[in-house]
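Quick heads-up: it's one chain on its own, the form predicted alone, in structure tokens.
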Amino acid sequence: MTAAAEVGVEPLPDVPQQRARSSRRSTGLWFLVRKLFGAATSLLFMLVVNFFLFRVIPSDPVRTLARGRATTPKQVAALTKTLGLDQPLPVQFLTYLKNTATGQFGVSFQYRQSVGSLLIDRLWPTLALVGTSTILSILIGLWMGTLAAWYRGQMFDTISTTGTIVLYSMPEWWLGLILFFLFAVGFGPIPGVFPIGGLIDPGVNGSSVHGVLNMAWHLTLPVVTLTIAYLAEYALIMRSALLDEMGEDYLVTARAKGLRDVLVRRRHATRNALLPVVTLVALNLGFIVSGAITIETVFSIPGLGLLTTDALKIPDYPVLQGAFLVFSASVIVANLIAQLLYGWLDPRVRL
């Protein structure tokens, strides 16, 4: 028993440990502030670029909307005023900032509807399509990459690595067209099994059980296309990361303790190899909102991708500005989450 305890005096706190904890908290807080500031700066930059980006397109929305109609110059001028395109560019920019701040993003030239409500209506088909395919490609890709690394040089490694690279090298729209003609339209002896396009059959109630199954049937080919197109990303990165970990001494120690290979792979090697995969997963989750524009166009899925494609034909400035701002914000937020998660998993990153 110490002298301080004998006389009933509280022992002095461990000053070095308190300083170390305070330093860690300060470092973590500064790391968080820097990342938040970087994300806010990136979002502000995209907010400005987003306005001017589509105005360099050599096209006139008024002429496009009036095409095929007997319009007079007076009617064209009236339509220009209605769309707000008669205002000077700085005034249009201020209107754009105001509409963005309210979350409505203005009114669509083509649909004459609030862009905010239009984006919300088209958001869930994109989330269903790209979200499902992303989750499947992550799970299957990590499983394939783990087995390929653990059985390096064997038949499974050769077949899986070669196959995923070949599929990844194909443009997703081209792969989608191949699957579309083989299994939707039908080719030779192969009958068309899946729907040609759309999200649901006409007259089917989407909120019923039959409607949910019908939508799942319509999404099968697009989901399969995106899943196998992005499978290689996760499989190859997981294989490479796990191969690096397999040469570490701690795995030799784990085997020396008598652990089976399955336990060594699951408890030790795979867990540490997941660190570089975290960034890829987080960033790809950010691209879920942007969706696959080409795949939605090929299979006529009424999501954000098809909406963006249709808006480019006019061009519909409010829709393009709102859609691309949502796309940019989702990627920026996902990148922020990845950096914060990386700093939490590896404290050295905070420095």
Partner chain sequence: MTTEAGQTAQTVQALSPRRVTWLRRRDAAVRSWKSFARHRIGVAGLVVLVLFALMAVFAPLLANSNGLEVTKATGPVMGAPSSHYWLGTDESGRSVLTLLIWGSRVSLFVGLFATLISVVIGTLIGISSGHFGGRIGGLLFRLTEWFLVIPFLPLALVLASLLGASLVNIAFVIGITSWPGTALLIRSQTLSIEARPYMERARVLGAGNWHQMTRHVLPNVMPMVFANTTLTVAGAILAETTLSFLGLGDPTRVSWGTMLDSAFSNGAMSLGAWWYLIPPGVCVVLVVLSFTVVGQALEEIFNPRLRQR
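Positions refer to the first chain, counted from 1. What you see is a predicted model, and the numbers here were worked out from it, not measured in a lab.
The same protein has a further form, the form predicted together with its partner chain, not shown here; the description that follows concerns it.
Put simply, Phe187 is close to its partner chain in the model of the complex: some heavy atom of it is within 4.5 Å.
In the model of the complex, Ile301 stays away from its partner chain, with no heavy atom inside 4.5 Å.
At the 4.5 Å threshold, heavy atoms of Asp244 reach its partner chain in the model of the complex. Contact annotation: Trp174 falls within 4.5 Å of its partner chain in the model of the complex, judged by heavy atom distances.
Contact with its partner chain in the model of the complex, judged as any non-hydrogen atom within 4.5 angstroms, is confined among 164-172, 136-144, 111-119, 209-217 to 164-172. The three marked residues, Gly38, Thr41 and Thr309, each reach its partner chain in the model of the complex, with a heavy atom inside 4.5 Å. Within 4.5 angstroms of its partner chain in the model of the complex, the stretch 310-333 places a non-hydrogen atom from each of Leu312, Pro315, Tyr317, Leu320, Phe324, Phe327, Ser328, Val331, Ile332, taken in sequence order.
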